[in-house]
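As a starting point, one isolated chain is supplied in structure tokens, in the form predicted alone.
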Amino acid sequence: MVDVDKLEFGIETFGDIVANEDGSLKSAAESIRQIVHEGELADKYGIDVIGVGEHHRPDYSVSSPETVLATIAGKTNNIKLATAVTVLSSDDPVRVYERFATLDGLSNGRAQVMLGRGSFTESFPLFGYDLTDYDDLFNEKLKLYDLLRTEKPVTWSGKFRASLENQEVYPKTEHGELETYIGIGGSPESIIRAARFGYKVIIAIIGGQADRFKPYINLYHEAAKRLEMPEFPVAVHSHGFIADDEDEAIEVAYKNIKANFDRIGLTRGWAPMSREQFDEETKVGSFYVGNPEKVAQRMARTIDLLGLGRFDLVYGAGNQTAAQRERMIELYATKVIPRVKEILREKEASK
């Protein structure tokens, strides 16, 4: 059952380069500053979380999300500040913890770490890691991060970094630990690992119907019970675009989401996205596109079906203009989120 009063709504950006009104592209620096402004808007409108992704490639502007989040922290009061995701496998868990403990201090406890293995792999050779160690890197570094999260002296040894002997790590957080999610693409092994470590889970649904992820959510709760670990409401993130006009929303989204997925697909062996595929994803799949009422209806169904505690809408995919991005955030906050809550309360009252 969904607890509407505790339900959280977030936005996430992967740092896509922003377009000018004439179709030319802004610089990476301008795009980063636009994200900071969007963080301010999201806080003003009462959105619960903003997540910023980490990439190391020319089509995305952000390689250091915690730096962007720290800037947003200084301009906001309430919004939680998350990554989407931090690629733990190619990072140093000690430095990850130190950076986010610092962000947590700057923001009065609003930092969230979202750890992932990395669906993009450019960071591995960039930082000197072998992709054949993909799984081992994440497993080992997650174990070290878990020890660091206790904020007690750490003794640890492994294959991929120097050993630690009764090592303190600073700064300490005011609340004793960092709020941490594990980002999951939908494998049973990843779900069980998150439950074993006692972490919150956010599932990336970027293709297909939400219904097919219900077994994974059930598995998480079953595994947490069996392992006698804490259970948390599951979060989901999916792509979307909202505009006042339904046809405008669909056309803007098709142009930009298709361009984004096709560009990524060149390195992953995906076929170019067809209009039929896009329309199917928009009607019943993982793209939440349309006017506020249509998006609210579809989001409410997914939240109710999966029993979610949080829904993050990935915005700005492709090369959208600042005006399109900002209007989408406004509509999401002022129209979609209140309507989703209304739909869910009506559904609960009718039972």
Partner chain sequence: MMDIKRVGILGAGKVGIVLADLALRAGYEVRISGSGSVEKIDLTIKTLVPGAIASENSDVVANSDIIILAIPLSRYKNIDPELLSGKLVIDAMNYWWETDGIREEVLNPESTSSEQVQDYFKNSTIVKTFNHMGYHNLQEEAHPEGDPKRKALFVTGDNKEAVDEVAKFVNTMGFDQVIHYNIADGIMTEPGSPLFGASLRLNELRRVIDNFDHTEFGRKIAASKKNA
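Numbering follows the first chain given and starts at 1. Keep in mind it's a predicted model, so treat the numbers as computed, not measured.
There is another form of this protein, the form predicted together with its partner chain, and it is not shown here; the text below is about that form.
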State yes only if every one of Pro188, Ile192 and Glu276 has a non-hydrogen atom within 4.5 Å of its partner chain in the model of the complex; otherwise state no.
yes
Its partner chain contact in the model of the complex: Pro171, any heavy atom under 4.5 Å
no
Even though its partner chain is not shown here, does Glu281 get within 4.5 Å of it in the model of the complex, heavy atoms only?
yes
Counting only non-hydrogen atoms and a 4.5 angstroms cut-off, does Glu222 reach its partner chain in the model of the complex?
yes
Is Thr121 close enough to touch its partner chain in the model of the complex, meaning at least one heavy atom pair within 4.5 Å?
yes
Listed residue (Gly109, Pro215, Gly176, Gly74) with a non-hydrogen atom within 4.5 angstroms of its partner chain in the model of the complex
Pro215
Answer with one of Asp244, Glu165, Asp135, Asp247: the residue that has a non-hydrogen atom within 4.5 Å of its partner chain in the model of the complex.
Asp135
Within 4.5 Å, heavy atoms only, one stretch in 127 to 135, 79 to 87, 231 to 239, 153 to 161 touches its partner chain in the model of the complex. Which?
127 to 135
Residue by residue through 267 to 306, which ones have a non-hydrogen atom no more than 4.5 angstroms from its partner chain in the model of the complex?
Thr267, Arg268, Gly269, Trp270, Ala271, Glu276, Glu281
